[in-house]
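One chain comes next, on its own, written out as structure tokens in the form predicted on its own.
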């Protein structure tokens, strides 16, 4: 075989790897043709003045990958069909017919097409007060990488299917101990169903418990993504106002003509520890009142405890689930806000009588979460790293919160009201500037400041009509008041103190006369 092969023993790459690469390239470029016989390992080793073992290693790799084949008694040949050819599909002439076939959607599919939805765009602002992400640059990445490496190499069992569809048991044990300490939640690991974030938890609840047309009471204003899930399953929403003490539970207890409608409520969705978006906390008397109402009306409460770890200045009120004595509360939480969003691990804590159906539905939905990340998170919690990280971040976020509130007061004075400043990763600001929200956001964008309007968090007056725009802009005719149109959600977790001060100063110059 007259084939130039260049090998260099001074290179860090082993000789057998160099020879493999040279022969593979010769095959792919056609210098070695399909079905062509190649020299024996002995003769090639002699011609290249290298060890026969080196040639054997190269041939074995090419044989295993399908570039070479051995015919007993004849020798070694280039394969007639190369493995690279099998990865390339044949070109098909495009059809000249452009019309798409009509698609018949299911009922849920038709409902989804009626719910306005747009993917969030990446912020173009220099300083964005967007809400939703923790301070990722402060995450203990080296520690997480160390734990990840240890579990990855310790045993390959994370490559297999999970044996428990509820999730990795040591992680559920760690979560049960953690929520008992931090949130006074009462549960056993068997009651915990690990989910792909909050959205899957909401989806599982709807699949199992709510039929189309049944009523769900929701906070108004409230969490837009939860409303989308509810509406996609055909639920009817009953908006309940929120004030400084959280959900106005008395709105669920009416006499007269409305009583028949209210009694049909199957589920109440609440964010009691840090109401989204107002930031208010459901008071203890109202918590007890809501639990009593649920018992009397055979309704369930869906408690979304999305960022209760971050509370400033006072101790958190125990979770609704910990106060429940009638198995009427389903508890949802996530690690997206305390760790990082792409971890995609949340959890449901369900009453004992719902464990089996939720487990079955979880298996039907996606079978399991990635085991490796669950193993790492279990150790992260069990060794105290989670609570240590939360304590550190609570201090950081508290400083940023104080700087944000002080900057707003300094530049806007009594022309704005701050809501929900004692907890969470955002505040809500009501502005009184004789400007509508659309103009405020446009002026802010002109100076590189990104703002998030609270308007979409309110149900529009025509929310129940087909094609009602749940994402309507702040200048929409559906807005009920100037106050509502001029409410904004200020997230501060991703910004440092200097960025917050510069951002508010720049915003004030853009908005002040």
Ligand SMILES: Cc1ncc(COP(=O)(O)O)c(C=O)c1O
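Residue numbers count along the first chain shown, from 1. These figures come from a predicted structure and were not determined experimentally.
Unshown form predicted together with the ligand; subsequent notes refer to it.
- Only one of the listed residues (385, 396, 344, 207) places a non-hydrogen atom within 4.5 angstroms of the ligand in the predicted bound form, and that residue is 344.
- Exactly one listed residue, out of 375, 128, 334, 191, brings a non-hydrogen atom to within 4.5 Å of the ligand in the predicted bound form: 334.
- Just one listed stretch, out of 152 to 160, 280 to 288, 74 to 82, 298 to 306, contacts the ligand in the predicted bound form at the 4.5 Å heavy atom level, and that stretch is 298 to 306.
- Heavy atoms of residue 198 reach within 4.5 Å of the ligand in the predicted bound form, making it an interface residue.
- Contact between residue 271 and the ligand in the predicted bound form is found at the 4.5 Å heavy atom cutoff.
- Looking at residue 223, you'd find a heavy atom of it within 4.5 angstroms of the ligand in the predicted bound form.
- With contact defined as any non-hydrogen atom lying within 4.5 angstroms of the ligand in the predicted bound form, the stretch 406 to 422 contains no contacting residue.
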